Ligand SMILES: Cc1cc2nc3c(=O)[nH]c(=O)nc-3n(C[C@H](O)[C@H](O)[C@H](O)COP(=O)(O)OP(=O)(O)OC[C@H]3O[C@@H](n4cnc5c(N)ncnc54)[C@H](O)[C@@H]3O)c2cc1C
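Read the single chain below, which is given as structure tokens and is the form predicted on its own.
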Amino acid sequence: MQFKLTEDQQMIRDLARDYAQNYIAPRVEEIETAEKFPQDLFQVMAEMGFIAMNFPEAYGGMELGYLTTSMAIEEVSKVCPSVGAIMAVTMLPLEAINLYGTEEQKQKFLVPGLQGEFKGSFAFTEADTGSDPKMLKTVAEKTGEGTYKITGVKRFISNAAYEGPIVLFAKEKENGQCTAFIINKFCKGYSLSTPWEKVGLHGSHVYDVFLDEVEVTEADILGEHGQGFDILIGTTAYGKLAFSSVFTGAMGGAYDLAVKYAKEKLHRDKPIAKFPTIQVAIAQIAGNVMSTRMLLYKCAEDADEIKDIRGVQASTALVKGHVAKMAPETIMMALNVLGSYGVTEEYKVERLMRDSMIAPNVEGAGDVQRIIAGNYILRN
């Protein structure tokens, strides 16, 4: 691994920092409280290339790789993890289509998606069964030659209230196979709950998705019949990396705020940075941020270079399990540097703290990720 950024990486990082500081920072409160993410900010995101960074040039992508993509998501998330999460979840269904879609599906969804014409969704999780493919209750029932009706409920689905495609998984009633389908949201039979109220990531809403005999055809199948679980594993391996970038960025944002406060807050006419206890805390926070960032970058590099998807999954599970533990602990340390002011909305660390509390439970539970990584390490 090189510890020097390439010209492209430095350009994207600077661009992401500019987007975060000049477009996102002035409107964080609006993002956190609005019913939907502001369309003009999403359009700027797309025009700057942040959605297309990792995708093939043939479909309008930039082919900059997962490492560069991770850096961009991290930089944006320093200012607002909700926006980093929107970047991550918007890319996830596009990733699935890029990896497993037909040429026709790529032209239909990937090309406009990379231009920011829609925000797609990825729907596997269910209320009673979590992400267990053997226990799926959403069913695709065959109604004719090459036609099906899908019925069921998906839970905690991001971007579900925006127009665009949704990659969803259902059990075929005839044979019990898990199969992935691409449908257009708000088609006949598609409806939503109200958004779930969460402790953090308020700008990135999640919903229950209700599917009432949604009609699909063979052309809507992503990959092959019965390939759903492989598509889930293959796609979320990269989704774990994206969300690890979100929470690594949140850690970096909290670190920056703690350092700034320590230098500016006065005690007897001198900054509190003079206190050894503050110095120890800042050093520990800095070490946690740096070590997590280096692990993130190494795992992102693995995603760029490793061809075996199980190897990629183990690597990204490793960083996801690590950041799930480190983000809340580290941001709490940063909050405590501010003392009583840390829990006030004025200083913004509390928002990063709330956002980080979701880290252990989004895109795979933290402990499960450590099991995945540990199992792979011990077998290989």
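All residue numbers refer to positions in the sequence shown, first residue = 1. Predicted model only: the values in this text are computed from it and were never measured.
The form predicted together with this ligand exists for this protein as well; it is not shown, and the discussion that follows is about that form.
From the candidate stretches 259-267, 223-231, 187-195, 150-158, select the single one in contact with this ligand in the model of the complex, where contact means a heavy atom within 4.5 Å. Looking at the partner contacts, the answer comes out as 150-158.
In the model of the complex, the one of F109, F181, Y238, F124 near this ligand [non-hydrogen atom within 4.5 angstroms]: It is F124.
Would you kindly say which of V206, V214, A170, A303 lies with a heavy atom within 4.5 Å of this ligand in the model of the complex? Checked against the cut-off, the match is V206.
Answer with yes or no whether D14 is in contact with this ligand in the model of the complex, where contact means some heavy atom within 4.5 Å. D14 lies outside the contact set for this ligand.
D367 versus this ligand, in the model of the complex: is there a non-hydrogen atom within 4.5 Å? Heavy-atom contact with this ligand at 4.5 Å: present for D367.
Considering only heavy atoms, tell me if A25 and this ligand come within 4.5 Å of each other in the model of the complex. A25: no, not in contact with this ligand in the model of the complex.
Does at least one non-hydrogen atom of Q21 fall within 4.5 angstroms of this ligand in the model of the complex? Q21 lies outside the contact set for this ligand.
Scan 283-306 and note down the residues that get a heavy atom within 4.5 Å of this ligand in the model of the complex; none is a fine answer too. Result: empty, none.
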